[in-house]
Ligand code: SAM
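In the block that follows, a single chain appears as structure tokens, in the form predicted alone.
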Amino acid sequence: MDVCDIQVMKPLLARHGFHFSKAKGQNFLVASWVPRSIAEEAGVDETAGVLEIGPGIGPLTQQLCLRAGKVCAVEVDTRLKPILDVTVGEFSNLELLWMDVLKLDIPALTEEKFAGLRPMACANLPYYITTPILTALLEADCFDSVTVMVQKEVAQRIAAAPGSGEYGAFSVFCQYYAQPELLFDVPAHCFLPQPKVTSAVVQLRVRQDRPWDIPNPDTFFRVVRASFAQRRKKLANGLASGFAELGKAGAAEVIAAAGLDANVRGETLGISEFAALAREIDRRRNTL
């Protein structure tokens, strides 16, 4: 069953009295090449165990089940139960979990469901909840890769380079955990109802090693947040604001000790520079 075929989708939804929920950010795919391409480019095969978030009526779920050793699909909207019974009920390698993914212990679930398989995550994420779900998937630190369809602007932020307009704290967060790659765009006309923006698919290959000396990730991410809080100003202003104990003089000393120019802006720094700042701040704390 091609659930992306609008002549199939509309009668199916009508038969079960289903209406799209704006609150849940529901936009269903009407272009079958999209879920097929996501599954293919994610590298899903029989060695993979895939966690899918938000299967909707199942177009990506179908493509994952055709390739993966096992798929666990997490869906919060129980109105979709009878529809998914029809669209993906035939797959013996599928387990549906009716709950909020943000309330799951993702590492424990992955260990339980995907023993002996290569754990991956795939999702067509609702725009309104993209950041918390992607944050949870990366912080779980248990996947080989995370492949998601998100608003194009978000995908560009995830993969942005230092100094670019899209680069920000979320870029650094994602790139700390993974190496992102923009795969392809998905125009608005590929959805029903049509969103007002273009979407994009991005793959984040989770880092097996993090080649930076970051003894205290809490300090590191605090430095990152402080550095972008006043992104148009000198880094010293952001650090002095984010670390009140430093003051402006201490912030300037930290920047110098990290080998950076006094006039540098946080938006131009990469992970290694943020790591150097975090190490220097912790060193100062430990010598007090």
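Everything numeric in this text was worked out from a predicted model, so none of it was measured. Quick note: we count residues from 1 along the sequence shown, nothing fancier.
If you look for the form predicted together with ligand SAM, you will not find it shown, but the lines that follow are about it.
Across the options 159-167, 214-222, 75-83, 173-181, residues that bring heavy atoms within 4.5 Å of ligand SAM in the model of the complex belong to 75-83. Contact between residue 117 and ligand SAM in the model of the complex is not found at the 4.5 Å heavy atom cutoff. Contact check for residue 101: a heavy atom falls within 4.5 Å of ligand SAM in the model of the complex. Residue 136 falls outside the set of residues with a heavy atom inside 4.5 Å of ligand SAM in the model of the complex.
Proximity of residue 124 to ligand SAM in the model of the complex falls within the 4.5 Å heavy atom cutoff.
Residue-level contacts in the model of the complex: of 260, 246, 29, 48, one residue has a heavy atom within 4.5 Å of ligand SAM, and it is 29. Shown here without ligand SAM, the chain has 126, 128, 129 in 126-150 lying with a heavy atom within 4.5 Å of that partner in the model of the complex.
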